[in-house]
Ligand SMILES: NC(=O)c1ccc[n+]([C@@H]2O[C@H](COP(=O)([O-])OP(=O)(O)OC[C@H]3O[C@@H](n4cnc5c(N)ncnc54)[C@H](OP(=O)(O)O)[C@@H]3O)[C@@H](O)[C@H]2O)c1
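Okay, here we've got a single chain as structure tokens, the form predicted on its own, with questions on binding and movement later.
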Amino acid sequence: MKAVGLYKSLAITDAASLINLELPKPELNSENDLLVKVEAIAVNPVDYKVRLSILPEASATPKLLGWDVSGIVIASANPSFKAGDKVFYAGDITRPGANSEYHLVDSRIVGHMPDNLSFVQAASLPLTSLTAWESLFERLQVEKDKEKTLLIINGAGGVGSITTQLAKHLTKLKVIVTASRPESIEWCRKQGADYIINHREDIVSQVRNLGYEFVDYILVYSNISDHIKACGELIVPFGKICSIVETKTGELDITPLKTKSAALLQEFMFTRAMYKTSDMIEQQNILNNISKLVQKQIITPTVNEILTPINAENLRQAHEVLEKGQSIGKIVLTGF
């Protein structure tokens, strides 16, 4: 089968950073496995972060990236799925990724694709939807029926876009997001944000100029070390802050949160699959809930760029855009 992978972690400007491969077609090897024919994949920051760190020395075995997938079930070891089912999922970072014609995935983290979407549209949703849902309703434990405030730092990215939609349609939260460029500001407005402020300026004064001394919840979808002081000033006493991005230095001074007794939480969408937690199937449930919301046109896909075909050249292009931090919404590739 055709695939795209790497043998060593290299800068994206190096032609060997991602290369076209021919590999054996995988076979079912556990009672939960599905074999999926990959129709489309989306690219996320995790792709380039793994690419840059996974193989510091040359390896004899290629590493496959890709954790945002839509496709068709070819074979199933689980009776809940059958050949021909259209599915979408984010996968498992401890197994080979989906930058390949065929992909093995644990059925417990796979959802049934919304029937009103194309494969391209569906591929834009799994990783960001799971991250957004878990951030809001599991980490922050947002109360859906109370009128509170949510600040999203970096609202124009894939996760920020879906979080804004979920918060506006499923809760009574007032949603404040940050964006800095005219095109990202307009994108956030389309996702439903109540207020848009600039993260390149003083976030605290901008929020307070909106009439909010404190906010009840904060989601940090960019480097938290750049924003921890502002988070400490803005979070309500006993409030909750959730981050999905590692710090620049590996160290984080959380002193600004101490007097507020504020909670700082981490969200990593791969945790359930990585540790085979007892509630692993909850990701299937979340994806099926997202599918229903999409079919009701409550949630909309966040595709902003489509590249074809799925090959090393186009994947290198997508990685380069993400590494520069200039993406809005999702980049999706389709067709081998």
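In this text, all values refer to a predicted model and were calculated from it rather than measured experimentally. All residue numbers are counted from 1 along the displayed sequence.
Although it is not shown, the form predicted in complex with the named molecule is what the next lines describe.
Asks: Scan Val245, Ile228, Val120, Leu264 and let me know which has any heavy atom within 4.5 Å of the named molecule in the predicted complex.
Replies: Flagged contact: Val245.
Asks: Which of 125 to 133, 255 to 263, 69 to 77, 99 to 107 has heavy atoms within 4.5 Å of the named molecule in the predicted complex?
Replies: Looking at the other structure, the answer is 125 to 133.
Asks: Consider Tyr217 of the chain shown here, and say whether it contacts the named molecule in the predicted complex, taking contact as heavy atoms within 4.5 Å.
Replies: Judged by the heavy-atom cut-off of 4.5 Å, Tyr217 is well away from the named molecule in the predicted complex.
Asks: Check whether Leu151 has any heavy atom within 4.5 Å of a heavy atom of the named molecule in the predicted complex, and answer yes or no.
Replies: Heavy-atom contact with the named molecule at 4.5 Å: absent for Leu151.
Asks: Taking any heavy atom pair closer than or equal to 4.5 Å as contact, tell me whether Arg200 reaches the named molecule in the predicted complex.
Replies: Result yes; Arg200 sits at the interface with the named molecule in the predicted complex.
Asks: Although the partner isn't part of this model, could you tell me whether Ser222 comes within 4.5 Å of the named molecule in the predicted complex, counting any heavy atom of the residue?
Replies: Although the named molecule is absent here, Ser222 would touch it in the predicted complex, with heavy atoms inside 4.5 Å.
Asks: Report yes if all three of Met269, Leu322 and Ser327 come within 4.5 Å of the named molecule in the predicted complex by some heavy atom, otherwise no.
Replies: All three within 4.5 Å in the predicted complex.
Asks: What residues of 175 to 205, in sequence order, lie within 4.5 Å of the named molecule in the predicted complex by heavy atom?
Replies: Going through 175 to 205 in order - heavy atoms within 4.5 Å of the named molecule in the predicted complex - the hits are Thr178, Ala179, Ser180, Arg181, Ser184, His199, Arg200.
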